[in-house]
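Next up: just one chain, as structure tokens, the form predicted alone.
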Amino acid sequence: MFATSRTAKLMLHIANLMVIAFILLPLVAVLIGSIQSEKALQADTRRVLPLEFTLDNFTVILTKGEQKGRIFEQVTYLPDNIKNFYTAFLNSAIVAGSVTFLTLLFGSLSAYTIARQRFRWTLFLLQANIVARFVPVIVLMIPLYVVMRSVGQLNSLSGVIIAETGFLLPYAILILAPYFDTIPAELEEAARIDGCSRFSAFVHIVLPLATPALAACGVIMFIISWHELLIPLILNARPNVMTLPVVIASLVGDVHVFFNLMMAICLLALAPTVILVALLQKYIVEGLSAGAVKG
């Protein structure tokens, strides 16, 4: 029995290491590609470690192409979207921050209604949202484009924010509703006896207790909206409203693919989400585990 237990634990550790390697190995490849020249990368594609290390890829991006560095001295063409890196970074921050705020705002209200008001129509809408998520997003792009064009929201950040909020709101409700259901309703009843309205009890009692779930949901919404490519790509065509994923996708040209620049921008784009997860890791684990186990 003891041997079987040790074998099971060993297999579990091996499985965990395989999952971690599956996630991290692409990031390692991106890191290695971002610190070498295009010539060195294509000279030997099977080499694990590069022949030379350079930060010229980051220099080109951060200086908007004004300082090309040694490895770009002979290059006569650089994509124009490199010059829009800071604008795209700001656009991504605005979109991700706005989408996160709106999904938490409307998602918490909807999830609280589902958890406390056991109406048949609320459960029906929740089930309908779950079923709707099985529809591929690409199928909805043409109708979404037509709707946004009719309301004048093409080539604008507000159109992207509205569309992404609509797509992510069901996920926020699914994450928050089980957690709200674990909060004792007696706490709200006591607050209402003391003179609080239902909304006041929700704001002052429920939301502070649901901080882990809100943090976990907020981080997930931020990460998804930060890395969203399809919706901004379909709705926005002007460089001044592009987000980072669209700029990265634009580096794949008809004639040449800027692999090194693409990898460098990917690392820069990952930085905000990695920092956010590192800062809120405790709340993320607590919120997701509590909602999953108790709900």
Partner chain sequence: MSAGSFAFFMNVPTLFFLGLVLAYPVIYAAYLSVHQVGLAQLRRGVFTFNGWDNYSRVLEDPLFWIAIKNTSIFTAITVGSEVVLAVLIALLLNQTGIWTSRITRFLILLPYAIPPIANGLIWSFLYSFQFGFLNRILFSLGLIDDPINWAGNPDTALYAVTVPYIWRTLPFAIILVHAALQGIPRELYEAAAVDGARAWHRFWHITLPLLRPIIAIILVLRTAFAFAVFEEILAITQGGPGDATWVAAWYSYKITFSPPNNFGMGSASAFILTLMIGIIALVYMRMVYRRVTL
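These numbers come from a predicted model, not from an experiment. Positions refer to the first chain, counted from 1. For clarity, a rigid core is taken as the largest C-alpha set superposing within 1.5 Å between two forms.
What comes next is about the form predicted in complex with its partner chain, which is not displayed.
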item: Joint contact, F85, F101 and A215 to its partner chain in the predicted bound form, by non-hydrogen atom at 4.5 Å; value: no
item: The single option of I205, I220, L154, L78 touching its partner chain in the predicted bound form, heavy atom within 4.5 Å; value: I220
item: Heavy atom within 4.5 Å of its partner chain in the predicted bound form - the one residue of A190, I142, L90, L209 that qualifies; value: I142
item: Partner contact for V60 in the predicted bound form: its partner chain, 4.5 angstroms, heavy atom; value: no
item: 4.5 angstroms heavy atom contact with its partner chain in the predicted bound form for K68; value: no
item: 4.5 Å heavy atom contact, N240 and its partner chain in the predicted bound form; value: no
item: Contact flag, L230 vs its partner chain in the predicted bound form, heavy atom cut 4.5 Å; value: yes
item: Stretch 125-140 - residues with a heavy atom within 4.5 Å of its partner chain in the predicted bound form; value: L125, L126, Q127, N129, I130, V131, A132, R133, F134, V135, P136, I138, V139, L140
item: Per-residue C-alpha change between the shown form and the other one, L51, threshold 2 Å, rigid core fit; value: yes
item: Rigid-core frame, C-alpha of A132, shift of 2 angstroms or more between the shown form and the other one; value: yes
